[in-house]
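The C-alpha cells that follow cover one protein chain in two forms, given apart as structure 1 and structure 2.
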Structure 1
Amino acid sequence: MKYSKLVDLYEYLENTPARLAKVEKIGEFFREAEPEILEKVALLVQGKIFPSYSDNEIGIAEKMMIRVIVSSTGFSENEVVDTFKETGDLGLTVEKLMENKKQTTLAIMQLSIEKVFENLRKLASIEGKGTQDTKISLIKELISHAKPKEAKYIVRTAVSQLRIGVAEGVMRDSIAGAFFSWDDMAGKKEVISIVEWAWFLRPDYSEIIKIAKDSGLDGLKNVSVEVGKPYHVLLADRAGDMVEAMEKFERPEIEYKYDGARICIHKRDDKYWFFTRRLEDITKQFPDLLEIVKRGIKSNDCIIEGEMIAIDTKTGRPSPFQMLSQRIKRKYDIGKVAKEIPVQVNVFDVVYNEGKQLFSETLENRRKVLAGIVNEIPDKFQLAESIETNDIDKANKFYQSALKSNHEGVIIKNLDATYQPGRRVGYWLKVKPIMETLDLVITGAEWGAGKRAKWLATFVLSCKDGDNFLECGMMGTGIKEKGEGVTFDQLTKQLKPFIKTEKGKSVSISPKIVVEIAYEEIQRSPNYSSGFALRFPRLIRIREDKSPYDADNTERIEKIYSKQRGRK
C-alpha cells in the first residue's frame, strides 16, 4: 500500500477536529487496508512503530533530526533551525523546506507503508558504533523518496510527535466501527466495550485489530492476559470520607493505601516480570525484588498485584515516593541503589493463577487464592494490611493507624466485586486526608510546544519567604486550552507584561500573579529553592484578590509538610 494513502488520512485527521469524523475515516481505512499490513497501519495511525508499552523506541532526538533534514534537503543548518523556530515542528520544517527546494529530484520511487515501517523499525534496533550515521541514512533514504507532505509525517513519526489527535479511545472506536455493526446506541456501546476489554488485557491495537478482523467479537471476548505482558489494572475511585465509602458496600474490606507504585508481578516457572500500572517493564531495575519474590511466591504460573514502596534504611519506615521513583528510573549502578533504597511489596490481588484467569471471581475468592500462593517474608513481601468490618469506629481506627505508620490512607474494597481491568468502576474507594490548598505566586514559565507553542504552558510556583519568593514546584495542569475555567491564553496574556527575561523556552516573571493550587502532597526537594516540592500541583483559580505579599509562605508549607500522614 502506498504511503501517500496513509498521508492523505493523516492530513484529514490533522485538519478534522471532530472525533466522530476521525473515527469514521480511520475505520474506513482499516477496512480497506490489505490484511498483511493491518497491524502496521494500526501502529502508524497512532504515530507508533511499537506498542506503547514496548521498551523499543525510535529514539531520534530533535538535534539529530535537524542533521537529517540538513543533509536531505541541502539547506544549511541555520536555515533549518530558523524554520524550526518559526514553525515549532520538525515535520512542518521539512515540508516547508522541501517545497522551497529549487532542484527537484528526478526519479522518485513511490514510498510504500511497508518500506517506511521497515526503516523506522530498523532505527530502533541499531545499537553500537556508527549508530548515528546508520540512523541518519535510514531516514534520509525515506526522505529522499518522499514528497514534502510524506516527509512531514515521516519526520514527525521518527521524533514521536505525530500530532494528529488519535488517542486510544479513537483507535478503539475506529476498530469497532471498521469490523462490526450495531442496531442502536446500546449495541454500539456493547461492541465498543468488548474491543476495550480486549485492549485492556492486551494493550496493543496492532494485536487487537488482527483479532477483530480474524476472529470477530468472540475472539475479542476470549482474549486473555498473557504472562510476561502488561495489562491495564483496576483503578480506584475517590470517596469523600470514610462513612461515605463504608456505606457503599455490604461487605467492605479496608486496606492500607501504601504510597508507592503499583506493581504487577508475573511468574512462569523460573521467569519473572515486573510491570507498573503504566505498563512499563521494570524487571531489570529490581534484582533485589527478584530474589525476594523467588521465595515469596509458591505458584508456578501467576500474576499478582501489590504496591511497592521504598523503605528508609535508618528508620525502617516508608520513604517518600520520590525515592522509589529514583529506583524505577535508574538504568545503571542498579545493585548500589538497591542497597541504598530497599523496597517492600504489599500484595493485595491476583488476576491469574495456574492457567486460570480470575477477573470474574469476587475479591473474597481472589484474596483466598492470593493467601494460598504467597509465602510472606516480613517487611519485604507480605499481604497488604487489612481488616473486614462494617463498624465505622474500627474502620476509623484502622485509617488512623495507616496514617501513623506513614501510609497515604486506606482503600475500601467491595469483597463481592469482580475485577474490571483498566477501569474506575467504584469497586475500590480511596480515602486519604485532603490537603489544604496553597496560594502561590507565578515567578517563571516555559513556552509550550506544538499547538501550545503560542502560550506559556508550564509555570514556576513560588512561596513567600520574608521579602523574597522561593520556588516550590512546576505546574501545567488545571488549565484549559479553551472553554470555561482558566485558559492558557488568559494566563499567558496576564503574565506577558511581567516577563523579565527569556532564555530559550524559559522565561522569568516578576511576582505579580497569585494562584490557588491544589496538590497531592508536599515533598522535600533539593531541586527547588524553598527546599520543598508540590506533588501533582493543579491550578484551582487565579486569586485576583490577593497580592503576592499575601501569598503563603515557607513556614506554612513546612507546617503542612510536617502534618502530612502522621509525620508529627
Structure 2
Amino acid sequence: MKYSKLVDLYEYLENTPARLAKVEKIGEFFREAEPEILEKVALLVQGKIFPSYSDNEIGIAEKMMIRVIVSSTGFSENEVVDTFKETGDLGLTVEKLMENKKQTTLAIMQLSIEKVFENLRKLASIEGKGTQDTKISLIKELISHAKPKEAKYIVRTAVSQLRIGVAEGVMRDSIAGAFFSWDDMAGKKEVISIVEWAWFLRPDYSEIIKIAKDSGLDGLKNVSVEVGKPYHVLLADRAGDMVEAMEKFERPEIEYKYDGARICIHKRDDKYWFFTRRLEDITKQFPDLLEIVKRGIKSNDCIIEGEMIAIDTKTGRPSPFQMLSQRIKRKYDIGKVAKEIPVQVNVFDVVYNEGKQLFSETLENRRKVLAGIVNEIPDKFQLAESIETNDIDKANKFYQSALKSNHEGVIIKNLDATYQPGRRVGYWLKVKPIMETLDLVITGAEWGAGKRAKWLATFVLSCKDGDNFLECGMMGTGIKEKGEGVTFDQLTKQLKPFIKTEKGKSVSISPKIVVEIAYEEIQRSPNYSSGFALRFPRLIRIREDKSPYDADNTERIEKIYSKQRGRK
C-alpha cells in the first residue's frame, strides 16, 4: 500500500477536530488496508512503531533529526535550525525545506507503508560503533524518496510527535466500526465494550485489530491475559471518608494503602517478568526482587499483583515513592542502587493461576488462591496487611495503624466483587487523611524570571475529558529550587522534550507528565476550558506510575466541587 494514502489520512485527521469523523475515516482506512499490513497500519495511525509496552525505542533526538534533514535536503545546519525555530515542528521544518530542496535524488522510489515501517523499526535494533550514522542513513533513505508531505509525517513519527489526535478511545471505536455492525445504541456500546475488554487484556491495538479482522467478536471475547505480557489493572476510586467507603459494601475488606508502585508479577516455570501499571517491563531493574520472588511463589504459572515500596535502610520504615521511582527509571549501576534502596512487595491479588483466568472470581476466592501460592518472606514478600470487618471502630483503628506505619491510608475492597481490568468501577475505594488530591497533566508552562529564568516556573494543569485534556489551573508552588523533592530543574528537564510550541515566555506541552496536586478549593471559572479552577494548587509529586490517560477527569472534579461546603 502506498505511504501517500496513509499521509492523506494523516492530513485529514490533523485538520478534523470532530471525533466521530476521525473514527469513521480511520475505520474506512482499516477496511481498505490489505490484511498483511493491517497490524503495521494500526501502529502507524497512532504514531507508533512498537506497542506502548515495548522496551524498544527508535532513539531519534532533535539534534540527530536536524542532521538527517541537513543531509537529505542540502540546506545548511543554520538554515535548518532557523526554520525549526520559526515552525517549532521538525515535521513542518522538513516539509518547508523539501519544497525548495537543494539535494536531488537520481532515482525516485515510491514509498510504501511497509518500507517506511521497516526502516523505522530497524532504528531500535541498531547498536555499537557507527550507530548514529546508520540511523541517519535509514531515515535519509526515506526522506530522499519522499514528497514534502510524506517527509513531514516520517519525521514526526520518528521523533514521536505525530500530533493527529488519535487517542486510545478513537482507536477502539475505529476498530469496532471497521469490522462490526449494530442495530442500535445498545448494540454499539456492547461491541465497543468487547473491543475494549480485549484491549485491556492485550494492550496493543495492532494485535486487537488482527483478532477483530480474523476471528470477529467471538475472538475478542475469548482474548485472555498472556504470561509475560502486561495488561491494564483494576483501578481504585476515592472515597471521602471511612464511613462513606464502608457503607458501599456488605462485606468489606480493609487493606493498607502503601505509598509505592503497583507491580504485576508474572511467572511461568523458571521465567519471571515484572510490570508496572503503566505496562513498563522493569524486570531488569530489580534483580534483588527476582531472587525473593523465586522463593516466595509456589505456583508454576501465575500472575499476581501487589504494591512495591522502598524501605529506608536506617529506620526500616517505608520511604516516599520518589525513592522507589529512582530504581524504576535506573538503567545503570542497578546492583549499587538495589543495596541503597531495598524494596518490599505486599501482594494482594491474583488474576491468573495454573492456566485459569480469575477475573470472574470474587475477591474472596481470589484471595484464597493467592494465600495458597504465596510463601511469605517477612518484610520482603508478604500478603498485604488487611482485615475483614463491618465495625467502623475497628476499621478506624486499622486506618490509624496504617498511618502510624508510614503508609498513605487504606483501601476498602468489596469481597463479593469480580475483577474489572482497566477501569475504576467502585470495587476498591481509597481513603487518605488529606483532602482529595488530583492527578493532572501538565499541558503548558511559562519560563521564569530573574534567578529562575533558565527554568519553566509556572505550569498549566489539565484534566482528562474523553480523549482530550482541558485546563483547570496554573501551578507554581510545591517545587523547590534545590534540595530534596521535585526541583524546577528536574521538572524542566522532564518537560523539555515534550514542548510543542513557544511564544514569548509561554510554551505548549504535549500531555505526557502526570502530577499529583493538592489545592485549597475548586471553583467555577470561565477562564479555563474545563470550566473549573483550582485555588492555590501545589505539587505533591510527579506520578511516574501513571500515564496521561490515567489522569482525573472533569467528572471527578465536578463531583468534588459539588461536595464542597454542602453543595449538592
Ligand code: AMP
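What you are looking at is a predicted structure, and each value in this text was computed from that prediction instead of being measured. Heads up, when I say rigid core I mean the largest set of C-alphas that superpose within 1.5 Å between the two forms. Here, residue number means position along structure 1's sequence, counting from 1.
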- prompt: Do you think the form predicted alone is shown as structure 1, or as structure 2?
  reply: 2
message: Once the core is aligned, does Asn527 move its Cα by at least 2 Å between structures 1 and 2?
response: yes
message: My question is whether Arg172 is one of the residues whose C-alpha shifts by 2 Å or more between structures 1 and 2, given a fit on the rigid core.
response: no
task: Kindly check if the Cα atom of Ile540 is displaced 2 angstroms or more between structures 1 and 2 relative to the superposed rigid core.
output: yes
field: Thr458: CA movement between structures 1 and 2 [superposed on rigid core, Å]
entry: 5.0
